[in-house]
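Given as structure tokens, the chain that follows is alone and in the form predicted alone.
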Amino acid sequence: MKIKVVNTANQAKDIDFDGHIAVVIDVLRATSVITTALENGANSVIPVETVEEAQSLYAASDPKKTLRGGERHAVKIEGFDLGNSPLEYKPKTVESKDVILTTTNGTQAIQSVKSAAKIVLACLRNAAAVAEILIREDKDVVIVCAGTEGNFSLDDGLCAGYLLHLLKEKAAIETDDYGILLERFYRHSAERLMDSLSDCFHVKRLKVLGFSDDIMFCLQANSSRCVPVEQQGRITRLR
């Protein structure tokens, strides 16, 4: 299995995904939110790039069965039902609902990998479950770190390194130099995930905005068996 790692959503636009599985990572917080929403009973998550797109899609949907979620620059979008905190996506809120989601980084990354043979969403919470799916599929993989506003984000890199570490334990893989670096970073950080991200720009910003509980939630490795997959513009739960 050959694995390439891409460090931002913008860079993913230049990648040929034909025949590959794309794994999109946005630990803080879109892929953690989507995993949590589906785990807690949402029918689907519909990722869109713009606020206008989300509003238009919502206007054409049944408001009793649909929610709008998302953020811009980590802050909830005015008029939306939910922000981008996984702690908001509780069973009583999302059960049997479709969630239209737009975020600054994560949903852009999902849109950038549309040509992939399969699109899987990963975060620290579901990394082991995602690794099992990739081993079963046994196809070449491109891991796309969403990044933060066009720049590489250390939290996504840590998750990519962890996923590579899990794959190395159970399969013969070949990765690029960037993947080698991130896997070593994970091994160095495995016993102190929070400390390893203490200087991360996005972590520091979320703390200032009052989202420390979100950070702790998103760093709970292997606490979920939910694997979200995207198909024809809609994300549903594979398992």
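Just so it is clear, the structure is predicted and the values come from calculations on it, not from any experiment. Residues carry their position along the shown sequence, with the first being 1.
Keep in mind the form predicted in complex with a further copy of the same chain is missing from the figure; the text below concerns it.
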Of 147 to 155, 98 to 106, 71 to 79, 123 to 131, the segment with heavy atoms within 4.5 Å of a further copy of the same chain in the predicted bound form is residues 147 to 155
4.5 Å heavy atom contact, K207 to a further copy of the same chain in the predicted bound form: no
Residue-level question: is L182 within 4.5 Å of a further copy of the same chain in the predicted bound form, judged on heavy atoms? yes
Does K64 make contact with a further copy of the same chain in the predicted bound form, using a 4.5 Å heavy atom cut-off? no
Is there a non-hydrogen atom of Q220 within 4.5 angstroms of a non-hydrogen atom of a further copy of the same chain in the predicted bound form? no
Let me know the one among D199, E191, D213, E52 whose heavy atoms come within 4.5 Å of a further copy of the same chain in the predicted bound form, would you? D199
Within 5 to 39, the residues having any heavy atom within 4.5 Å of a further copy of the same chain in the predicted bound form are N7, T8, N10, Q11, D14
